[in-house]
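Next up: just one chain, as structure tokens, the form predicted alone.
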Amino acid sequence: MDEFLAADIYVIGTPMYNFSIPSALKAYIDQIVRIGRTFTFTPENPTTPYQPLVLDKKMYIIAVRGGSGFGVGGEYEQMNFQTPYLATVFGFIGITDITFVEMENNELGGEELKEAIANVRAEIARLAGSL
């Protein structure tokens, strides 16, 4: 917990498993979303009982999917619980400056996979250059 709170920048790489995230990442999130450490709860404040405590942090999430069409505007967007969940849970504790780098089509192999990897590497290099 102390290590998590001491960081200024977070980088997470995660595949989409069954439309969401792997259980190991979910278990990690369950360990860091802690009352009194990453958020407060004040039930007597009915308007905003939950307040985030992890403020002024930056997060990068590399979200990988075997298929395609799960991104914004895609035909399967409504089945994507991966990126909305991560934005919600980390936003809940105060990390709202999140950049998603998304890669689809990694199950197809061949040229489509090579192109997807090249695009993600270029985006990561661009982001790393802006730090």
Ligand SMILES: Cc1cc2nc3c(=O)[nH]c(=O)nc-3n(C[C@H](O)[C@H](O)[C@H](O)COP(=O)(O)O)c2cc1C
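One rule holds for the numbers: they count along the sequence shown, beginning at 1. Not measured: the values here are computed from a predicted model.
Although not depicted, the form predicted together with this ligand is the subject of the following passage.
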Review point. For the chain seen here without its partner, which of 84-92, 60-68, 40-48, 23-31 has a heavy atom within 4.5 Å of this ligand in the model of the complex?
Key: 60-68
**Study point:** Contact flag, residue 10 vs this ligand in the model of the complex, heavy atom cut 4.5 Å
**Key:** no
Practice item. Indicate whether residue 119 is a 4.5 Å heavy atom neighbour of this ligand in the model of the complex. Key: no
Check your understanding: Using heavy atoms and a 4.5 Å limit, would one call residue 115 a contact residue for this ligand in the model of the complex?
Key -> no
Exercise for review: Answer with yes or no whether residue 123 is in contact with this ligand in the model of the complex, where contact means some heavy atom within 4.5 Å.
Suggested key: no
Check your understanding: What residues, if any, in 82-102 have a non-hydrogen atom within 4.5 angstroms of this ligand in the model of the complex?
Key -> none
